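For reference, the chain that follows is the form predicted alone, supplied as structure tokens.
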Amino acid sequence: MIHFILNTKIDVLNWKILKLLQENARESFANIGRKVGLTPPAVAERVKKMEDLGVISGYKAVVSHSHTGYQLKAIITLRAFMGKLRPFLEIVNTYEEVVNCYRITGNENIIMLVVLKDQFHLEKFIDKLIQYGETRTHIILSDVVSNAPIKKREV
């Protein structure tokens, strides 16, 4: 039922606004209005309603890991030892290396996106993790798709 309610609030104009905000969250309501055929106050009202509904959950700057001193980006999975998942979940948000962390299904319990200064930093970070379970590390060579916009689902 919630899915149906939200879809009725995201009309064609709202999808156009969402597309523009996902491309540039700093775009002015006046510029968005010109592109979608609305006045700035009408755009502001629609954006506010989408924020209130949770369709728009925030705005963030995209920061380059390589320009901020982190030479490695990696995906690390963790298969938690018996009784170690909860303690890990309670501490993971204190690890400054972790950019994103998800609980997942399958053989592993956790998948994390991390940024690291170098291979020595990676080794120290893995040493912190191994008390909680078995890890697998995948060094990211390049971004193929990154921060792709969420688009209207065709029915």
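On a predicted model such as this, the values are computed, not experimentally measured, just so you know. Residue numbers run from 1 along the displayed sequence.
The same protein has a further form, the form predicted together with a further copy of the same chain, not shown here; the description that follows concerns it.
At least one heavy atom of L89 is located within 4.5 Å of a further copy of the same chain in the predicted bound form. At the 4.5 Å threshold, heavy atoms of E45 stay clear of a further copy of the same chain in the predicted bound form, well away from it. Within 4.5 Å of some heavy atom of a further copy of the same chain in the predicted bound form lies at least one heavy atom of L113. Although the partner is absent here, L38 lies well away from a further copy of the same chain in the predicted bound form, with no heavy atom inside 4.5 Å. The partner is not shown here, but in the predicted bound form the stretch 68 to 83 reaches within 4.5 angstroms of a further copy of the same chain through a heavy atom at T68, G69, Y70, Q71, I75.
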